[in-house]
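As a starting point, one isolated chain is supplied in structure tokens, in the form predicted alone.
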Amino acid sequence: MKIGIVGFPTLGGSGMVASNLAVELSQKGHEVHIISYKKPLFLDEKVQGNPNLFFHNVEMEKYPLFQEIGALYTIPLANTIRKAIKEHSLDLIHTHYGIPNAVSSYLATKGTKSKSVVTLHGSDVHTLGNKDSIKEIVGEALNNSNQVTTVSNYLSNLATETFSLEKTPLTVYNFIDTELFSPKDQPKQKVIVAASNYRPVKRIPFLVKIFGEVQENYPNWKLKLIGDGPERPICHRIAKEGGFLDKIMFQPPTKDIPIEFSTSSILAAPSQIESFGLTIAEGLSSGTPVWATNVGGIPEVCVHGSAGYLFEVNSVESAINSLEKLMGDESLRNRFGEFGRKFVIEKFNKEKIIAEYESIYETLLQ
């Protein structure tokens, strides 16, 4: 098959899933064309020596009339997709993230023989998609796609309601490289790890406050915060004012995430909302139990009481109690870690998920 993959070139969930899917499909012999405004960070090393993987850059026009409304993207993206369809006879366009990519794909595939698949990832539904300024046109684009998928059952139901979809989207979970994210030979440290972009929805300041409440009872434990973003200074201030800054490790974004997850004892994800929770699945695959909020698609990824503890989003007491249970019981953590790894291998391994996407493509192209 000749497949176009449209996504963002970011390290966030939707961008990583789109890029990794493109690489995996190309390695299976499909001709894959990634379409975005910038190459994903790791793509050069993946493209090298891979004759089936191509990149198309979306060139955005700058014009004085538009300086107050920002760079145009929807139309240049649609134009780049249409050009790739014509020049390479693409069978199918698989778009990741609904805004504005689904609209661009709708415009680009209209009047062509190419089929269209759109995968919704989360904030394109529950944060941006429900805006009155956006949802009607995005809903039209989705209803005119050949297939819409979502990364959890939770998101499928929410998207159907938000966009008044005529058909309920199929759930195709995000996939995990269970060989990359796996238990390592290094011993686990008494570290709680979180990898985040420090946006408010991730609630990393809340995590720092909760750690501040328990750290005196567990003096040998530390909190490692990986990433960067607007709320990092807030986290630093909370720890400094609380007198436990020496127990917080701030680390910039790194490619060593698999090592960090496997050598930590607990993975923390106190988000306000998550449609799937990619880092949660990666942590479980690494044999690390999870402490996370009981929201969105997280219960579909982390089985409460078997792979970790899920607490109610507004309950400080529940958050503290569940975290202390994990910190105080190594055998419990080991048991949860073993269950979580088996669960991820069974439900989210890349061979299974990629085969599901291939089946969708083949059905549409028959």
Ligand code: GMT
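The structure displayed is predicted, hence computed values, not measured ones. Note that residue numbering begins at 1 and tracks the sequence as displayed.
Form predicted together with this ligand: not shown, discussed below.
Taking a 4.5 Å heavy atom cutoff to this ligand in the predicted bound form, the contact residue among Ile238, Ile273, Ile226, Val214 is Ile273.
This chain is drawn without this ligand; in the predicted bound form, the residue among His121, Arg203, Arg82, His94 with a heavy atom within 4.5 Å of it is His121.
No residue of the trio Ile176, Ser286 and Val344 has any heavy atom within 4.5 Å of this ligand in the predicted bound form. Comparing 256-264, 205-213, 106-114, 273-281 against this ligand in the predicted bound form, the single stretch with non-hydrogen atoms within 4.5 angstroms of it is 273-281. Looking at Lys247, you'd find every heavy atom of it more than 4.5 angstroms from this ligand in the predicted bound form. In the predicted bound form, this ligand sits beyond 4.5 Å of every heavy atom of Pro9. By the criterion of a heavy atom within 4.5 Å, Ala194 is excluded from the residues contacting this ligand in the predicted bound form. Under a 4.5 angstroms non-hydrogen atom cutoff, this ligand in the predicted bound form has Ser14 among its neighbouring residues.
Taking this ligand as positioned in the predicted bound form, the only residue of 127-151 that brings a heavy atom within 4.5 Å of it is Val151.
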